[in-house]
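This document opens with one chain alone, in structure tokens, the form predicted alone.
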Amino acid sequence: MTPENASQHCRQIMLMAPVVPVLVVKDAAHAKPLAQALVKGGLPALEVTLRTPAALEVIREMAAVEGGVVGAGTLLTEQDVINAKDAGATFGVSPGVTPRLLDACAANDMPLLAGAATASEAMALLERGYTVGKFFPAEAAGGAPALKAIGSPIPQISFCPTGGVNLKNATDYLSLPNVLCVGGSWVAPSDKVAGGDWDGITALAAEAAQLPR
């Protein structure tokens, strides 16, 4: 997969809704009802982070949910890419980026939303042919003002800011011309997931789906 095709694929996913839930799921039994709740609320694009032993099974379960588009987050190595694709992930997300990871994603036809936090990192992605990226860690890297500043000289790249993004500050990012969507975990809080409060999660997703952009 070429960087251009990868970016086009990721752009389409990012435009599905203003928020991509960032999910850290510890119990695969929660995967299907959680995905159904988020999709029902209007958030079809889901990022399952590879931070728990259950993550790959969670991706498998969520990939079977109608209306959902499931990606794997926290891709760090070539093996992560292979495992994620085998589990059913249709896109990948990484906190940063290396040439080896980009090569692995290209070789395995995995569209990547690669992390960048500085102008130099954004330029490196653009040099490789990528026109979408993940601005991470968004708040720690300077928030919406920093991303706006990067967008002035490098308007060719659009971003999904993630890291410290919540309902209160999401619109600060979504109002920027170089932002397509935001990523956040607030739509699936751990207490609601653990308690099986799927209606509550659907309500949070519906609220997030109405954010203006």
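Quick caveat, the model's predicted, so the values are computed rather than measured. All residue numbers are counted from 1 along the displayed sequence.
Omitted here: the form predicted in complex with ligand 3PG. The next part is about that form.
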| item | value |
| --- | --- |
| Per-stretch contact check against ligand 3PG in the predicted bound form, the hit in 28-36, 167-175, 59-67, 181-189 (non-hydrogen atom, 4.5 angstroms) | 181-189 |
| Contact at S7, M110 and Y130 by ligand 3PG in the predicted bound form, all three, heavy atom at most 4.5 Å | no |
| Exercise: G163 in contact with ligand 3PG in the predicted bound form, heavy atom 4.5 Å | yes |
| F136, heavy atom within 4.5 angstroms of ligand 3PG in the predicted bound form | yes |
| Exercise: V22 in contact with ligand 3PG in the predicted bound form, heavy atom 4.5 Å | yes |
